[in-house]
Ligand SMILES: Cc1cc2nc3c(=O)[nH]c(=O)nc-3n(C[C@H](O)[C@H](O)[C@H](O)COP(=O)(O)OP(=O)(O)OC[C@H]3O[C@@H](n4cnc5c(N)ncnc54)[C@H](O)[C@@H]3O)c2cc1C
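Encoded as structure tokens, the following chain is the form predicted alone, with no partner shown.
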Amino acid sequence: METSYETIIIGGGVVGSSIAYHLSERKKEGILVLDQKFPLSGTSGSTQAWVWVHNKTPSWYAEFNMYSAELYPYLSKKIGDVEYKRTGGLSPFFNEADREKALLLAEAYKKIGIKIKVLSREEALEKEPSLNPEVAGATYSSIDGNVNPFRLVDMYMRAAKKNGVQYSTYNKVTEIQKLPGKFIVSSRKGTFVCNNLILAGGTWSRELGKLVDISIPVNQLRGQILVTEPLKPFLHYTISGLRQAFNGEVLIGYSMEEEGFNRATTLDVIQETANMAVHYVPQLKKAKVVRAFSGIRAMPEDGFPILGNIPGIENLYVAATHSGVTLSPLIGTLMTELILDGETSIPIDRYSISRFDLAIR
């Protein structure tokens, strides 16, 4: 393996691999991805994998997600079938007080070009007959959907490798030295030199930041997900909290727990998740749950992506975010523009790490 690269990306999950792929579209040599385990062994392989726009606030953040969701059809044509389905998204509500909130959301989104329809009870049940008849209504967005995260990351990697990107897995980075015009990256399998360094370690971003003496304020949030036996197709839309996969399994869950890197599943959350599913879709009461798993989400302290260069350290970049599946096509595109062109087609100033205190805490 070579030891000198133009760009090294630390982290081979959905964000890191998207950056590698998009960068390799324009610059086919000198890119290395280092992953401490194997891509998909972490967050990217333990997610519901919604491509989700609506319900995200404020509206400028929803707009950012919309731009990325719009890239999915083209991305699928470029890298191959990632089992992306633009199903449309439904977010049910069960009391009239929530209708007012939904109308305000729809009005805010309308100003930025995102169409959210607030459905009546009858309209919601017409779209999704399996919903609880007690539903009061729902918000609906046609741009929402889901994707197979395993195929997505795998296809990113295949396309990147085809363009000359190298991956080194089970290769944890242990030290980073900043020298004039270059970085020296030491890992368990060797030492590498690069001109550009991108920190895309997801849940491990805070630890990576310490290697370059900065604070990357990303915390961990555990999410537990239930998987049913394969069922005949009956859910037409991606619903807040659950979706039906290509093979008929229904994935359920959206818990958010501050448990660090603890990936255990717990009976209380499993019960709450099952109750939520039955409340939304009563016929799931008869479905058998065949497994439960948890994933650790990367969650920046204020909930919004941390993207761009790191002030004061030339050619050092960071890409850390929640909703990595939804945002990966756009983040890969914008980080490539930033590195190669020095500017981005969509402003990312509000996502700069400079909004935080960079001192290590």
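Heads up: residue numbers just count along the shown sequence, starting at 1. Quick caveat, the model's predicted, so the values are computed rather than measured.
From this point on, the text means the form predicted together with the named molecule, which you will not see here.
This chain is displayed alone, yet in the predicted bound form one of 49, 335, 318, 31 has a heavy atom within 4.5 Å of the named molecule; that residue is 49. Using a 4.5 Å cutoff between non-hydrogen atoms, residue 236 does not count as a contact of the named molecule in the predicted bound form.
Of the heavy atoms in residue 69, none are within 4.5 Å of the named molecule in the predicted bound form. Mapping the unseen interface onto this chain, residue 59 falls outside it, with no heavy atom inside 4.5 Å of the named molecule in the predicted bound form. In the predicted bound form, the named molecule stays beyond 4.5 Å of every heavy atom belonging to residue 220. Taken together, the three residues 42, 297 and 325 all come within 4.5 Å of the named molecule in the predicted bound form, as judged by their closest heavy atom. Across the options 102 to 110, 122 to 130, 276 to 284, 167 to 175, residues that bring heavy atoms within 4.5 Å of the named molecule in the predicted bound form belong to 167 to 175.
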